[in-house]
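Just the one chain here, the form predicted on its own, laid out as structure tokens.
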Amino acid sequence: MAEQKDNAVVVIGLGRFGTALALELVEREVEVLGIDSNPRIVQGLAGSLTHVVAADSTELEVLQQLGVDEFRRAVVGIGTDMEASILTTSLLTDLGVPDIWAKAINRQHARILHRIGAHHVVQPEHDTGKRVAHLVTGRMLDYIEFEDGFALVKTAAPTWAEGRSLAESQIRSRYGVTVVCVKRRGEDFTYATADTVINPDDLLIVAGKSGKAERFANLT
């Protein structure tokens, strides 16, 4: 049974975020225990998740009875009830769950979750808004920012690079970014090399510091 728990996730709080996450995990053939305090939500997800129960996640005894301490990974998706989110995350820490993810509704909430033991804190609305802002204000087709100001950008190839290999265009030395992948029209993405020639209508995946990657994407 312990081996099964290694490939299992407990998702606590089955609002829009928690439900979407839990259903996606099931699609990936991950065992999911869903927990929510609302019986109607639980009833609606019966049969869609591996296990789903109506329970109060702020009670230590309840979590122990459900075997939450046997899970290696837990996600606290509780939204507007900040107190319940914090208490639940704290209890997961006390139970020794090795990998705790928690949803925060603002930066203050995020700081508290980090301090009480959450290993990863996500702010879906904030992160999505920040990403869309980058896309709206530039020529980027997609944008993913990581820690320390590093980003991956999907963008159309600049016209001045067409017909040149990456070595000839000197994109890395001139702009401080690396072209990781190239997608031809009607083809899949392929890894780029120094000999890769940029064609009209190519799409590029570019990696580098956020500011440099964004500036490169805005070149024409």
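These numbers come from a predicted model, not from an experiment. Counting begins at 1, following the sequence as shown.
Another form exists, predicted in complex with a small molecule; not displayed. Remarks below refer to it.
When contacts are judged by a 4.5 Å heavy atom cut-off, T80 counts as touching the small molecule in the predicted complex. Taking the partner from the other structure, the small molecule in the predicted complex has a heavy atom within 4.5 Å of a heavy atom of D56. Contact annotation for V30: none of its heavy atoms lies within 4.5 Å of the small molecule in the predicted complex. The closest heavy atom approach of L152 to the small molecule in the predicted complex falls outside 4.5 Å. Residues placing heavy atoms within 4.5 Å of the small molecule in the predicted complex fall in a single listed stretch, namely 72 to 80, out of 72 to 80, 142 to 150, 114 to 122, 92 to 100. The partner is absent here, but in the predicted complex a heavy atom of N38, alone among Q170, N38, T50, Q64, sits within 4.5 Å of the small molecule. When contacts are defined as a non-hydrogen atom within 4.5 Å, none of A157, G208 and F216 contacts the small molecule in the predicted complex.
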